[in-house]
Structure formats: C-alpha cells, structure tokens
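First, one chain by itself in structure tokens, the form predicted on its own.
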Amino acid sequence: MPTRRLFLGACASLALTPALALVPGRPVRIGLTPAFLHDQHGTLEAWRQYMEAKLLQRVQFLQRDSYRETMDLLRLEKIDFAWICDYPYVHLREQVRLLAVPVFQGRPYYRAYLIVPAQLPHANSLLELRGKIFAYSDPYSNTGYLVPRYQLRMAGEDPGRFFSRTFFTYSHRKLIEAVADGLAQGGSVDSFVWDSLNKVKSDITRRTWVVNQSPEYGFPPFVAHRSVSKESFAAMQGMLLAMSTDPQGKSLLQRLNLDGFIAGDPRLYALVTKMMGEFGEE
C-alpha cells in the first residue's frame, strides 16, 4: 500500500491542469474498447462532463464494437487518446505513449479468470475443457484470448485444436453471459469486468464459477497517440492522476470501480509482451 499512497498522494500537485492544446474547435477525442463501460452510459456521460470542466475543452468519447476498430482509429489519428487493453497497447507501442494506468483494488494490475457454468458439472482446470465449447472475448484481448491460448501452448497443447468449437463475443460482459447461459462450457474473462459486474449484476455472475486465476498483468492502460503535443499529454495525464484527490473525481472512480490512476511504466506489460512473442506477435 505505501507505493500506492505515494503515487496517489502525488496527484494533488496536478489538480490544476492546463487546457489541452489540440486543434482549435475540435473536441478531445477519446476511444474506448467494448468493455464494462459499454453498459454504463450514465457514468460515461458524467465522466465526459467532468473532463470538459477540468480540461476546459469539449470531450468526445468514441466507442467501438471491437478492439481492432479502436486500434484502427489510433493508427489513423482519428482519436487523440484511448483506454485500451494491454494486448493492443503492446501492438501499438511504436504509435502510442503510455498515459496513465488505472489502480484496481490497490494495485495497477488485473488477472484472467477462467470461468465455467455454475449450474453444470464443471471442469476444475483449463485442460479439463478438452473437446468443449469455449468462448473468447476478442482476438486482441489479453485475458479473453491471449492468456488461455498461451496457457495451452505452455501445456504442450495446440490452441487451435484443443476445443471442439470456439467463438468470439466481442465483450467481456457478453462472454460472462454466454458462459452463464451455458452457450459455452468455459471462457477466460477480465477479472476487473467480472468483479465489477458482480457488484451490480450478481444474478449473472453467480451463474458462473471462477475455476482459477492467472498471474497478474498490467491493467489496461490509457494511451496517447504520439502526435499529441507535450502540453496536451500533460493536461490529460494530470487530470486523470488528480481524480482521486477531487471529491467529484472520487465519486466517479467509485462508479468506475477504480481507486485512481498512476503514470505507470511500460515494464508493467512485460509478461504480455512475452506471451505475444510465443505466437510471433511481439
């Protein structure tokens, strides 16, 4: 906890941030991947208004239905900032800069949960799901795609042949619902999404069973396109880091199920980089 207090305590000096120096008349464009926030439109609108008040500039959220679509917006410079998964961050690290990392349950990390339907006799490990139907969240998801494939590879199995059938849900919440409804006999899901959904929709999560948890990975980060100016980068980063010291910011963080943001370090994503390298994707 001392490290977390040090990072979050330092945010107080960043409470007054300058306005962003982007294109005059154009809103600050922030991309969002289809994660838990897809179902929190009221929270997103409140967050957008909060950002506008702090940054003194219009803010626009752009939500897409797949990670690839948000990645393409970054590549094409159609957005200035984005909250993306750690897998896309490693893919795009030559085109983006690490802006801020969320703090979840006191740490800038999350895990993959292997889940199965609670109402059926279930396996107790990934290897016991041989020949079953398995749900993935997105081809560019770390916890929802890369992690289970890497675990199978490390066990000497071929991820492409291990399951009888696989399908993508393109959202962690939809993956949880697919497993809860028995459409899949297993799936790997973002722990932040499962834990957050468990707080507000336990009728869904209680129909799943968390079989095991992965090691920790750096939490999905906020990034800035490398074309963003130093001034704009500093303004956006300062606003995010200062949320935990501001009453309204604290309230929004609670709604987001986060403790705050820290500046972060690319080394948080070393394990994801290693796993991607196993599939020739580093």
Partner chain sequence: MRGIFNLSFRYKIPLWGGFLIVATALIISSTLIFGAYHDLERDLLRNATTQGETMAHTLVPAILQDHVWHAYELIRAPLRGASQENPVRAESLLVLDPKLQVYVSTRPETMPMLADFRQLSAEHAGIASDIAGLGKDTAVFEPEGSDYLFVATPIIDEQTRLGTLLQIYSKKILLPRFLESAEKAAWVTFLVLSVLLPINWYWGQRTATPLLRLTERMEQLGRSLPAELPTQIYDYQDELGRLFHAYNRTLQQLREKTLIEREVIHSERLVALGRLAAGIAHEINNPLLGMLTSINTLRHHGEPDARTTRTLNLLERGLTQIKETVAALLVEAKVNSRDLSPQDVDDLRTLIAPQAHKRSVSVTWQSDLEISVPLPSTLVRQVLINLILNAVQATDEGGAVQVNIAQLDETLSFEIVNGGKMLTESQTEHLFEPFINAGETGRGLGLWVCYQIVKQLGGNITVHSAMREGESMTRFSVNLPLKTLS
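These numbers were taken from a predicted model, which means no experiment stands behind them. Residue numbers count along the first chain shown, from 1.
A second form of this protein, the form predicted in complex with the partner chain, is not displayed here; the remarks below concern that form.
K.L.:
Name the stretch, out of 161-169, 105-113, 121-129, 84-92, where some heavy atom lies within 4.5 Å of the partner chain in the model of the complex.
P.N.:
Checking each option against the 4.5 Å cut-off leaves 161-169.
K.L.:
May I ask whether 174, 178 and 181 all come within 4.5 angstroms of the partner chain in the model of the complex, judged by heavy atoms?
P.N.:
Yes, each of 174, 178 and 181 comes within 4.5 Å of the partner chain in the model of the complex.
K.L.:
Give a yes/no on whether residue 98 approaches the partner chain to within 4.5 Å in the model of the complex, heavy atoms considered.
P.N.:
Looking in the model of the complex, residue contacts with the partner chain do not include residue 98, since no heavy atom lies within 4.5 Å.
K.L.:
When the contact criterion is heavy atoms within 4.5 Å, does residue 133 count as touching the partner chain in the model of the complex?
P.N.:
Contact with the partner chain, yes.
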